[in-house]
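Below are two forms of the same protein chain, given as structure tokens: structure 1, then structure 2.
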Structure 1
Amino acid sequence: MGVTQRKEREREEMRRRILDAALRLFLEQGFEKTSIRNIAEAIEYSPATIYLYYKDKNELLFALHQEAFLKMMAELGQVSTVEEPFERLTEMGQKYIKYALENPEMYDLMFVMTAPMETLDCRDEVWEDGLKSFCLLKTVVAQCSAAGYFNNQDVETTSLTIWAYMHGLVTIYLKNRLNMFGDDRQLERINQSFRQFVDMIQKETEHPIWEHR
């Protein structure tokens, strides 16, 4: 009898309802101000019910973090149409900045907060979402490398260097550390730095593409 299947389906539906409500509140009022009780209220269930579907808040955050990765991957994956590998890489960088700036709370969840990571730790799994998106980067870097860029340097190291820069740039901005300049040229500064970085790593090649200068 299909009762177990229906139960399983209902369970998934409930998990979705919880996740959707959590995501909505999260985006509406930020992480800090969203509690289990808020989420429970939004779906018209008692707080204790949430714990029948998610072990704790960390697991809920981890589930949201996974959704955020799906969305980001979908956006970053769109660069495959661009022909020239380095242009594709640059495009990816731009889309990374765009995603981070448009989804600051989600970006935090994905790359800054330690809470969702603890869920992985206690299951001793590896961070698959992170690894998958890092591989996306690595692939494009490898293609650039094959096209003569990056002086045959280790692809993984180059990818980490690029990611580190991108991550640093957006977090400095998102965590309001660019306020220190006391002006309203923050986005301008980000773009200036990004262009500089792109130029810099572009030159890292045995066969410079002079027509790009």
Structure 2
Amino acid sequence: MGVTQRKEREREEMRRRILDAALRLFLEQGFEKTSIRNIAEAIEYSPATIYLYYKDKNELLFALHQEAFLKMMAELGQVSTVEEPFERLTEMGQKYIKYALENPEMYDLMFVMTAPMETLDCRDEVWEDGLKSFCLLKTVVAQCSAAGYFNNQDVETTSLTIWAYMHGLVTIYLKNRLNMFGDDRQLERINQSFRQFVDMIQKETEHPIWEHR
């Protein structure tokens, strides 16, 4: 490995250490209470080192936010190979659950953690990464509608309703609220609830899919 390649690898390793420390502290202490000095102490370097990579903690949060959404969008994008629209929507829901449960810290940062919207590179109060993922959901819902599902209901409202349910479902799991049942059936409850939700929104269609699975 040449000198240039080694230096680039070292830079990427340092960038990763900074991002990982920032994510942990943002979630533990909150965005407002976390400082560049805190992050520097966590990786045992000076604040000046972090400023070589990121100009401030807003840029750090934005980098983490983008990384998280790119990963989720790649996961959700896999449903494009599913031909039947409602099955595609159902598969997207399963992918959403999978992403949230496998990446709980990232999901928390994306949808739960309180942070000023301007840190997410918003313009005119538009949350760009969130809007892109929501538009992906709207596209699939519109395809379902064109295929005869949802009885010509408003696509945006239907999409928001679906997302609100999915977010609520994974959040009560990730925040350990399902522990109130006092058993080890948390994942089973998640899956059962999701199946029931699918049945509910599909009940007026003529093509139930769960019986074929």
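Residues are numbered by position in structure 1's sequence, first residue being 1. Note that the structure is predicted; figures quoted are calculated from it, not measured. The term rigid core refers to the maximal set of C-alpha atoms that superpose within 1.5 Å between the two forms.
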{"item": "Matching structure (the form predicted alone), either 1 or 2", "value": "2"}
{"item": "Per-residue rigid-part match between structure 1 and structure 2, N179 to A147", "value": "yes"}
{"item": "Angle, in °, that the smaller rigid part sweeps relative to the larger one between structure 1 and structure 2", "value": "47"}
{"item": "Cα displacement of Y54 between structure 1 and structure 2, core-superposed (Å)", "value": "3.4"}
{"item": "Core-aligned CA shift between structure 1 and structure 2 for R11 (Å)", "value": "10.1"}
